[in-house]
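So this first bit is one chain, no partners, the form predicted on its own, shown in structure tokens.
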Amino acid sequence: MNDASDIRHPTSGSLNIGIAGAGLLGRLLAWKLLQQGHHVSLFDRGSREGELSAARVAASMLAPYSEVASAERQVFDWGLMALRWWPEQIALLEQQTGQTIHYGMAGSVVLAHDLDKSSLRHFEQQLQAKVPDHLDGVERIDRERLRSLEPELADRYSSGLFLADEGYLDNWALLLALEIAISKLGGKWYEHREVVSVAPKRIVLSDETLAFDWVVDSRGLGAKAQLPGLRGVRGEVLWVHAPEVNLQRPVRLMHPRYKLYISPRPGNRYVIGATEIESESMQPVTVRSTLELMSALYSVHSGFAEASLLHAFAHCRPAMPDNLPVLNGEVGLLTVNGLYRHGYLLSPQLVEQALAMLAEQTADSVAV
């Protein structure tokens, strides 16, 4: 076991920080802390490619309006902050790494087939109740307005909603850029290392215990034994390549049983999802889910009939009982978890709060 007295600080004020869990939150915090001059070590049960992270199995849409319809107002307010935060951080990441991170902030379109228009009206009513002070971001559109936004959908839909303050980003490119930036800044990766438990200033592995000035626990479901109430919510997504489809922004299709979403990626690739299952099963995507998603996808745009199925992913997203994230701090330990289905929407606010909490508690401990 390493002793805390062995920790060295080459620069005044720098801390030795261990981060358990190198998913979206772990990477963002590592990147930010390294830029502040701290020494950061990341521990993850998978590799630095993030193949075991829920952050990789996501449409990564930035959709505060779409999400608040079935969530707390906090999700919307934090989501608006994310729309401002991400472009600045992406620009900095691209500058540091030379990687391109594709993203779009041109709004999203919400549609429904004629038989399902009641679902669309209900969705609009939910927005009117949840965000009455931000309805200027909700525009009812007719066929001609839709043609100006997404020309290839106008022949199938006569009306819908345009949510101007929504967007998306390429999560795979982002995770790769974060990995490169962290490595360039001197972050240490401990791949394929299962964290058994965490404690203030301690990370416990199966074969050793390591000491740090501070520990951040961002393990997602890996923290279930230590975070009461944490549960997994299964989600499934498909990746397709559709050369005959040209969508510029995310599209949601309202349906009585599910809400299909389509998030664009470079090169006529699209991420499709809808499923949200109260289960912690990590089994592959089911045939039933695939058939339902594909059928709904074809109903949106006939060009998807010729699409190639690239990937079918399933993962469990960590969630607390109220489906809101948790951020707890004590001297030597920060716990941040429970992003549920809002990872890319809520992580900016959580990251900034965690950094502020770490700075405040560090200053308090020094003063004492």
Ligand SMILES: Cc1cc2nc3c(=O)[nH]c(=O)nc-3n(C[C@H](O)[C@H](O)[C@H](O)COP(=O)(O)OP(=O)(O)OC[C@H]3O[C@@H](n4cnc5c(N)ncnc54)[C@H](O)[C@@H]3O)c2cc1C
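Residues carry their position along the shown sequence, with the first being 1. Please read all numbers here as calculations on a predicted model, not as lab measurements.
What follows is about the form predicted in complex with the ligand, which we do not show.
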property: Residues Ala106, Val245 and Arg249 all lining the ligand in the predicted complex, heavy atom within 4.5 Å; result: no
property: Contact of His315 with the ligand in the predicted complex (heavy atom, 4.5 Å); result: yes
property: 4.5 Å heavy atom contact, Val237 to the ligand in the predicted complex; result: yes
property: 4.5 Å heavy atom contact, Ser53 to the ligand in the predicted complex; result: yes
property: Contact of Phe304 with the ligand in the predicted complex (heavy atom, 4.5 Å); result: no
property: Proximity to the ligand in the predicted complex (heavy atom, within 4.5 Å), stretch among 285-293, 114-122, 189-197, 142-150; result: 189-197
property: Partner contacts for 216-253, taking the ligand in the predicted complex and a 4.5 Å heavy atom cut-off; result: Ser218, Arg219, Gly220, Gly222, Gly235, Glu236, Val237
